[in-house]
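Before any questions on how it binds or moves, here is one chain, the form predicted alone, in structure tokens.
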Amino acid sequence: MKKQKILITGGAGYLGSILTTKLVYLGYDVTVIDILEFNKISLSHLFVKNNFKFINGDVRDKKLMTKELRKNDIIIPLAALVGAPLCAKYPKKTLEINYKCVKFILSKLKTSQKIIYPNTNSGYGIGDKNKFCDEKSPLKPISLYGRTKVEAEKIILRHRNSIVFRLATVFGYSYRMRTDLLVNFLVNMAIRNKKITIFEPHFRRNYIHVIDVANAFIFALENFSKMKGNIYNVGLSNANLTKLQLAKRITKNIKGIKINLLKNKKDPDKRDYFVSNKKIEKLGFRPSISLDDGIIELKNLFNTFNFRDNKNNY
């Protein structure tokens, strides 16, 4: 059987470096296009593999993208500016990469080519207080980040061989580490400061480990025919928590940590929702790493290594 060829944009990033590694070791022919803006060596362990190809390039380079899109069976467009603060800082770049580049990719795809797209469940904006958001819930993105991802999702779904994931807030270690994601950030704060400081503690989120997100992509590749043309929330169903509940879970796993509540500070990212993941669970996908196990992983990581803070990392 011919090995499937996969093109991953942004494959050296936080999710991409985990997913790329898994796919290469599963035997797929994987090409990554990444500009390496933040971490230069997150995929260096794969250069020995003959089914891995790396291109140091920009997804806004239409000539490069056209050439590489022709060669691959499956496209996974991970390249994006991620998070409300970063996108607000670079609005033009956000529109170019998060939306226009995805639109260009779709314009070049053959109907036979497959695409798996990672949206964010931040598109739900502010959910109803007594109701979980599912895939049929209205999208009400608040930030530029959420709006560009939602608009990209719409055009992705016009392609018949497509799957869209709406991802929960991701946590855990990656070859290209991010310390700004909420769970990672709060655990790092707990280790460094012996306290956790939070504001607007009632804001709700769903969470999932980065390894389980990569596993969801692999699950989609293996079950593409029955999943195509659909949207799936991907998160830990037992990790729908307020920020205060998350802080308490961290203090349960890291002893001697105090929680400090700031009453007058506002969160620029106003999203607030609980999410249902039943649709993908009914197909047989289940995350394998609990929130508690992820917190312990991060505790051990931050006790061992001092990661450089980078507010613009993604």
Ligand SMILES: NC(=O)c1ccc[n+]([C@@H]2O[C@H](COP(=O)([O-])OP(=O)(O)OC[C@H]3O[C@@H](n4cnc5c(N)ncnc54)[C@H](O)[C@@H]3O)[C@@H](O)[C@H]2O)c1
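All residue numbers refer to positions in the sequence shown, first residue = 1. Predicted, not measured: the structure shown is a model, and the values here were computed from it.
The next section is about a form of this same protein that is not shown, the form predicted together with this ligand.
This ligand is not shown here, and in the predicted bound form it never comes within 4.5 Å of any heavy atom of residue 247. In the predicted bound form, this ligand lies farther than 4.5 Å from every heavy atom of residue 172. Put simply, residue 279 is far from this ligand in the predicted bound form: not one heavy atom of it is within 4.5 Å. In the predicted bound form, residue 29 stays away from this ligand, with no heavy atom inside 4.5 Å. This chain is displayed without this ligand, yet in the predicted bound form the stretch 143-151 from 105-113, 237-245, 143-151, 130-138 comes within 4.5 Å of it by heavy atoms. Though this ligand is absent from this view, in the predicted bound form it lies within 4.5 Å of a heavy atom of just one residue from 215, 188, 119, 162, which is 119. This chain appears without its partner; in the predicted bound form, the one residue of 97, 74, 220, 198 with a heavy atom within 4.5 Å of this ligand is 97. In the predicted bound form, 33, 34, 35, 36, 37, 38 are the residues of 25-54 with at least one heavy atom within 4.5 Å of this ligand, listed from first to last.
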